[in-house]
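Okay, so we've got a single protein chain in two different forms coming up as structure tokens, structure 1 first and structure 2 after it.
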Structure 1
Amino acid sequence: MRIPLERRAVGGGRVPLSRQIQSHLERLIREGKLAPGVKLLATRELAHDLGVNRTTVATAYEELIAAGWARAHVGQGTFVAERVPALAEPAPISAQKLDWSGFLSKRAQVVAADMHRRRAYGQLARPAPGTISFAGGMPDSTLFPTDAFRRVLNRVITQEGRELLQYYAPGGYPPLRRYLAGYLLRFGVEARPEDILIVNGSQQGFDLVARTLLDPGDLVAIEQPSYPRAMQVFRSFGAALVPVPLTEAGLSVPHLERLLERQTPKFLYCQPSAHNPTGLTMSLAVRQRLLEVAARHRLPIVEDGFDGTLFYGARPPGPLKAMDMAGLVVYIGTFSKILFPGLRLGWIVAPPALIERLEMAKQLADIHTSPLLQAAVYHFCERRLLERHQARALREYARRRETLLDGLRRLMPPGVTWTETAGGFSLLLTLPEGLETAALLPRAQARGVTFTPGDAFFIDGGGERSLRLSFSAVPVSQIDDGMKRLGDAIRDLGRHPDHAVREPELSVPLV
């Protein structure tokens, strides 16, 4: 550790070295740069680093302890106190400090504007204790096969640790790419292992596709509503979004056709199965029609696989990629919904000419995805543990969905409508004319229930009466209660639509 020390006498005399050390450490603690609970260097080590006597350091530490900045644990050393005397505000930025706001790229400004606008929605409401949360959109971590995963991780690190902890080929772990080729074939998607690029979740898939295809001013056609983080990343590369309305059977192809007569989007982004937020499925007829229109207009399609395996009732038609004779479709898949989001593991399937470019973009983005995690997931899948987990999770999610739909039918006031979710984790609910979600949220939270406001899923306005209910992470036993509270909050809003309620507190990323 380095502490600047004044060793010569200045003016009336030198400040003792122990006092200089003490002030320096005190400032670091006060400014949060030495965090509560952190162990200070042993006196011997710090004395050595600074070239001072050990007792000088010991004196400084004793003073810190006496003033409440640190505490000693016998035999363990000296630690920064958990609660420090009076944490001063951080020092105001001096005029000398660089003002970074003048240095930001256009992209950074677009991103910030988008994030601030969506502030209330780009983050999940942090529920008070006892709140039933239909926000989220993540799998239920209590269903995670954590221990089975620990065992495969142990095995791969023991057997292949050296290779998996070293730099690796950017395309991905070859056995995982081979496994995915076989996995995708079950859905009719034909891809060679080398047509598959491993990425950090579908979000990185969107990002690499955007880098590789979008220039500022390009248009991207997109279902309305759609997944906010995909919209944001396309916008951050300078694209303008053109909405295509969604029907119960998927996006409106006639609308898209009219759009293509006037405009030339660089690509269409869509979620044909397990659509987030609505849970709707694009019908086979719409898929076929969409592919015909796209082929005629040479419109590339970025298909967010989200997960076609998370379906309730009838199995969805195969992915667009499986029917893509014209080489138009880029398919993005992820393990985040069917296994563990925290691994950040997904993949892109694209025609060879494009996958080569995406792999170059991946190398510049972060060289490659952790091969250790790739290998662990491969062995997990190879032992059929994914299938077992999926079957179990799907049974549970199906019960939650059924309970939610049943609760909605019984407990919602008249005029409230919702999408009949057939896949994924959520549905979209619409309030009666005249009621707005922004006014509902604080009332709902006051009654102990929360959700994701719907306008985050719409492009520049729209969706003010809608909200997303995710059922994946709510135990069956709480769903009815949650719907009662939500129904009451809606009725209350209907009676007093203008009564102001304070904004709720927020946290965590939106997925």
Structure 2
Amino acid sequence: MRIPLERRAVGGGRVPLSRQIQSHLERLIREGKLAPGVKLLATRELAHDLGVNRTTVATAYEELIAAGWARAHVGQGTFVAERVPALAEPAPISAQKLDWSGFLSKRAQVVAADMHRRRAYGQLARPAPGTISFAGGMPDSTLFPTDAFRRVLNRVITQEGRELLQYYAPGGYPPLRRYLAGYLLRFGVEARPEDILIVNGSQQGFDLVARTLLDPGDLVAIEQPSYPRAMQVFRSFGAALVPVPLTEAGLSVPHLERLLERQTPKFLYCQPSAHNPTGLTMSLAVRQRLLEVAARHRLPIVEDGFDGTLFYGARPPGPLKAMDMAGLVVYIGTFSKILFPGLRLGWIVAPPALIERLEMAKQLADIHTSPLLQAAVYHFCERRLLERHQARALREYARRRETLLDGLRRLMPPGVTWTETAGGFSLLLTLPEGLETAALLPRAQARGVTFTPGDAFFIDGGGERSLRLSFSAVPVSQIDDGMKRLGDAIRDLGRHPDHAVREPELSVPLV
């Protein structure tokens, strides 16, 4: 540990070295840089680092303990106290620290403004114990095939570790790119391995597309409602989002046509399959019409892909990319929904001229995605372990979806409507006229149930009466109880719309 010590007398005196050490450690504790319970360096070790007598450090520690900043355990050492003394005034600092807010880019300011909005709506804190949360649109970690993946990972480290722990080509692990070319062919997407770029999840896919295609002031056409994190990325690069309404059959192509007669978006972002938040899937007729309109107007499409593995009932039409004859579609896919989100492993499929530019952007951003994890996922898939996991997970998610839909039918008050999710993890519920989600959320949280407010999925307003319910991470045994609590909260809101309820701080992750 480095502690600056003044060893010479200044102005006729010198602060004792033990007091200087004590003051420095107090400041670190006060500022949270030494957390409660952290073990301090042994007196002998710190004395050696600082070039002082061990007794000097021991004296500093004794003063910290006497003042309540630390505690000692015989034979174990000295630890930061769990509760530190309250200070009437903060300790003076030696110099005025730089205010970084004045140096933030416009991109950072956009991101910060969005985060502040979510905090103001109670969307970032942790759920209270006992809360049934329909907020997280994520897979259930209890279903993860962790043992099987651990065995594959161990084998990969043993056999290929030296190569995979080095710097790697930005395009990705060649066997995984070859596997994905075959995997995507099952859904009609024809791509050579060199047309596929491995990325750190779909989120990095959005970022690389934005870096490569967007300039400040560009327009991006986007479904409404839509995925919040994609909206945040495009906005952060200075794009203005132009909403296109969503219908039961998918994006409103007539509305898009009228939009294209007046404006020229840089591209259209959409989720044709297992749309988040509605769970709806674009019909084949709408897909065909959309591609016709896009080809006529030379409008690129960024397709947030969700393949046919997590659908309940009929298999969806093929991705837009599978029907794209004009080279308009950039397809972004991910393993996060079906395998492990923590791997942050996804891919982009794009025409050769664009994939080269995207690869350059990736190399600047992070050089490459972990080749070790890429190789492990490849071998996991090659051994057909992914298919086995998909089948098991689909059965469980289908049970949860049906239980949720059944609970909604039985337990929601009149006037409440919802989308019939065909795939994915969520659906969108709409409250009766006159009721708003902002007033419902604290009532629901007070009853021990939470959800994602719908306004998070709309562009600059809208969605005041809607909310997303995600069922993937909620055990079947809790879903009915959760719907009863939500139904009771809606009834209470209908009876007492003006009765204020204090908002507890619960989490509403935007995945």
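Here the rigid core means the biggest group of C-alpha atoms that line up within 1.5 Å when the two forms are laid on top of each other. None of these values were measured; they are calculated from a predicted model. Residue numbering: structure 1 sequence, from 1.
Of the two forms shown, the form predicted on its own is structure 2. Residue displacement note: A444 has its CA displaced by under 2 Å between structure 1 and structure 2 (rigid core superposed). Fitting the two forms on the rigid core leaves the C-alpha of T59 displaced by at least 2 angstroms between structure 1 and structure 2. Relative to the superposed core, R491 undergoes a C-alpha shift smaller than 2 Å between structure 1 and structure 2.
Overlaying the rigid core between structure 1 and structure 2 leaves the Cα of H48 displaced by 3.2 angstrom.
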